[in-house]
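Just the one chain here, laid out as structure tokens, in the form predicted on its own.
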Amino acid sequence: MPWAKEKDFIDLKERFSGLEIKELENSTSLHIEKGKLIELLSILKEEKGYKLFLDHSVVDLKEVLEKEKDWRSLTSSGLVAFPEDRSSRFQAFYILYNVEERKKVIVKTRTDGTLPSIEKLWFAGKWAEREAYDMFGIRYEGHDNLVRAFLWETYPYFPLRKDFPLEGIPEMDLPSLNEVFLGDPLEGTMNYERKHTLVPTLEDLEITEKKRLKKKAQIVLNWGPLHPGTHGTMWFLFDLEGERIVQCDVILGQLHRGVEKLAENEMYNQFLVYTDRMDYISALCSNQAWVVAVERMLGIEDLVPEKAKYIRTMMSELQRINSHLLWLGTYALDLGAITIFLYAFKEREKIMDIIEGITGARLTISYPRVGGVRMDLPEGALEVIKAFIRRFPKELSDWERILTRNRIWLRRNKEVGVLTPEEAYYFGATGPVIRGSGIPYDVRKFEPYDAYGEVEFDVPVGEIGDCYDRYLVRIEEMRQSVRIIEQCVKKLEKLPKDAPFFAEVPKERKVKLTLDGIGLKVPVGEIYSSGENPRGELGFYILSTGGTKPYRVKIRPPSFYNLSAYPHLMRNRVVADAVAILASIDPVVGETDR
């Protein structure tokens, strides 16, 4: 795994008194006092080359501080910064990546509730700070406009704190419509209760809207959250001067389900089903990223059978094509090309049938497992896949003849939504968005997992970073996915039919591994592990105090950070560009809101 080494930062110890460097099995972290945090992050970015911002959040240590055994376990493992500090409740972490040297590092600090803002270093950090403020109540000094990321502005609680109950706080009287209009007393029947958790009023939403955008121009236009062009339930605000957009903001939270909170209350394999429901267009890729992260924490990545690795890789690439087909069809439809939508969905239906035939499900799949896959490939599966990949490249070429040199398509995409390489780093972009800007960052190449280190494929990149480049990158990615699938099929055909598809762990490893995952215990430790989803880098930061459930799971959704560039890309554009730029980013709200 491409973690930086202690020797890479030895020179910093002379510049920062109190700096601690912890090189652990699954992470390398720098522990710094919060007063020196901004200076350290600035040096890491400008001098050490850690220009790509991956993620930032906090861990609520309340329960650990109350349990002496857990506190000793975490501090002795080097996972907590400044263990002598027993009063600071929160530990903040920042995950950075050096693309040139292929190294990543975590920066940690402790806080009692305030932190300096990093928004001048990375705009993506501004969005991460809004999320930490929303979920934990952390206040950021110097933040331009500290507003909640997902919840409405007048909401009084911070849901990811350890003392906030999983089911929320039922305090609002919400009578049933049957009760209001028909007089049916439902209290006590069918699990109905009048008391519910808080829901926003129209006044709450109006306050939220005004906090997001300070009007500069003539009129504020609401786009979404239920407009079909928003590709999900997202709410956009456009401050307009005629047709020109002076400023723009995004109000998220229309689809929030508290997945990270649920992760703290579920066993590791139980949480797998929730990864299906984040990016529901690429469930298999999300499943794969999660199980690989847990396998790395357990130290059993080398025990996963070769057959399982190739199956997971093949299935994820089928899912990638599936996802890109949905993107291509809806993108073309948004810009008026109805024929492409029909063609893309015709081929997508074939992939859905293949996935259903192998896994038994079409959308929420949960096929991978920690240690392998749920079941072997059925008879004839490889023949069906070979038939699909033989025919699909010709279909793709036909669609390109319709779109790629079409003058309307060119006018709507060329030099629209330009994101430079430096801006891609600044906004924490990954996936086709950063590759469209000319940066060949692909987790499958930079940190290979499963069979990606054994197969050959190219990473397509753009030149300008506009909507057209992002279109071309995804088209070529589908061709490269076909290459990967072909190699996986050839390998699987050579393996014996009775080759194992699930790991057998030697007794000396002391890991209980079963298909249902019941009783799976993960040792004390932390990891940040990621996979290359169709939309970019899906990362999981896991902190374990030992046992069957994680203490903290922070999910790094690619759509969330890619979307942070949207207000910048829309500045001084016209309303007609809104659909094209958003579709070129290709966000999925299920993972954005989590």
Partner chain sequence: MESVWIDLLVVFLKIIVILAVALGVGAYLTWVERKVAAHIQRRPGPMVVGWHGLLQPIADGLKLITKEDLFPRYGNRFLYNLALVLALVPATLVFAVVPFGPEFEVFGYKVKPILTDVNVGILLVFGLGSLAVYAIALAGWASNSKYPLIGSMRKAGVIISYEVAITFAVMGPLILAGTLSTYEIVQSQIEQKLWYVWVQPIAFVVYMFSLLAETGRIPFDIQEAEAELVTGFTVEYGGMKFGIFPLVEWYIEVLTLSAIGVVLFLGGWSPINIPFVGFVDPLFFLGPLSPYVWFLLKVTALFLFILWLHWTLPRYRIDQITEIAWKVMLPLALFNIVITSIIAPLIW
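As the structure is a computational prediction, the values presented were derived from the model and not from experiment. Residue numbers count along the first chain shown, from 1.
A second form of this protein, the form predicted together with the partner chain, is not displayed here; the remarks below concern that form.
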(request) Answer with yes or no whether K120 is in contact with the partner chain in the predicted bound form, where contact means some heavy atom within 4.5 Å. (result) no
(request) Answer with yes or no whether I10 is in contact with the partner chain in the predicted bound form, where contact means some heavy atom within 4.5 Å. (result) no
(message) Does any part of W223 reach within 4.5 Å of the partner chain in the predicted bound form? Heavy atoms only, please.
(response) yes
(message) With the partner left out here, check for me: in the predicted bound form, does some heavy atom of V579 sit within 4.5 Å of the partner chain?
(response) yes
(request) Identify which of L303, L335, I475, V461 has a heavy atom within 4.5 Å of the partner chain in the predicted bound form; exactly one of them does. (result) L335
(message) Just to confirm, with a 4.5 Å cut-off on non-hydrogen atoms, which of L515, M375, V416, I389 contacts the partner chain in the predicted bound form?
(response) V416
(message) Based on heavy atom distances of 4.5 Å or less, which listed stretch (286-294, 494-502, 398-406, 317-325) is in contact with the partner chain in the predicted bound form?
(response) 398-406
(request) Determine the residues of 423-439 with a heavy atom within 4.5 Å of the partner chain in the predicted bound form and present them in sequence order; the list may be empty. (result) none
